[in-house]
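Next up: just one chain, as structure tokens, the form predicted alone.
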């Protein structure tokens, strides 16, 4: 297990280096950030002074090596726009994104697993067909369209929920959380529901497929032949053996939602990391973009490691494969 974790950490370091290099080169080729930072009326001398102040007058390889050297010390540079440390800007926005994703994934699991099991246990029932039809719609419809429809219905027509912002927050250990206030929940419901519906649709389909695969297994037939109550067969024997794909998909979707909740945060003006990324890309704020992507790559790799460890905890045969 220790060698497995060390190997993953080495892979993480390599992936972060390669990704940072690609992003750095890509942003360099897109354009000159000084065009966004200085007035259109500025002369060439003023533009050159700005480029020199930000180190943009150096060759790309020199800029990258400087970035790597500073990043090794935990310094990812300062935002071209605000002058604040890039990583500090990202970490300040992280609690907003994390809490929205946690609520969304929690909703997706609580809704998706029972409905998926229902569709798998009774595939020919009308209720199961209705569940699968809804899951196909939820999986196919664009996230931004779902968000706009929810805003139109709950905010414009009914006037029940706010359509933007985060609402009031409470500081806990230096983190600003909106899930601890009623007003925060009112602002959180729509973006979390928008993100959660698509995730729930995927979990429904995965759970149904896993249920259909496990039902014909001998241990399920044996449990039924012994007279085990149907509820226990489903809740213990069936559920335990379909957890592996559910945990895997949920973990991957959680990481993807944290890293790429850009559309949802933009639609609802949610002050999270995704909106910060979009704003930074627009003005070519290279330190913020690179720091964000480096952090997300590391986060996704660590999340995959946690998922693999959970996978081995659930399935003993996986531990044997690691030892081999």
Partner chain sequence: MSTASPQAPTVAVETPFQRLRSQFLENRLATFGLILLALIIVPSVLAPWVAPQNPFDIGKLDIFESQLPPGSVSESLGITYWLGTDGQGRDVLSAILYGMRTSLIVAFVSVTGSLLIGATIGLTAAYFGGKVDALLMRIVDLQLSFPAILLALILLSVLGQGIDKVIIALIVVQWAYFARTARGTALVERNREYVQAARCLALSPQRIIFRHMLPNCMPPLIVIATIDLAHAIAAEATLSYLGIGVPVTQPSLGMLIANGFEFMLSGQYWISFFPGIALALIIVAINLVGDHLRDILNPRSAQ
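Numbering follows the first chain given and starts at 1. C-alpha atoms forming the largest set that superposes within 1.5 Å between two forms make up the rigid core. Because the structure is predicted, anything quoted here is derived from the model rather than measured.
Although not depicted, the form predicted together with its partner chain is the subject of the following passage.
Taking a 4.5 Å heavy atom cutoff to its partner chain in the predicted complex, the contact residue among 278, 68, 45, 60 is 278.
With the partner omitted from this view, the residue of 128, 163, 248, 88 that lies near its partner chain in the predicted complex is 163 [heavy atom within 4.5 Å]. Judged against its partner chain in the predicted complex with a 4.5 angstroms heavy atom cut-off, the residues 260, 267 and 293 are in contact without exception.
Stretch 136 to 144 is the answer when you ask which of 101 to 109, 80 to 88, 196 to 204, 136 to 144 has residues with heavy atoms within 4.5 Å of its partner chain in the predicted complex. Within 4.5 Å of some heavy atom of its partner chain in the predicted complex lies at least one heavy atom of residue 151. Heavy atoms of residue 297 reach within 4.5 Å of its partner chain in the predicted complex, making it an interface residue. Although the partner is absent from this view, residue 19 contacts its partner chain in the predicted complex, with a non-hydrogen atom inside 4.5 angstroms. Proximity of residue 156 to its partner chain in the predicted complex falls within the 4.5 Å heavy atom cutoff.
Core-aligned CA deviation for residue 10 between this form and the one not shown: 2 Å or greater.
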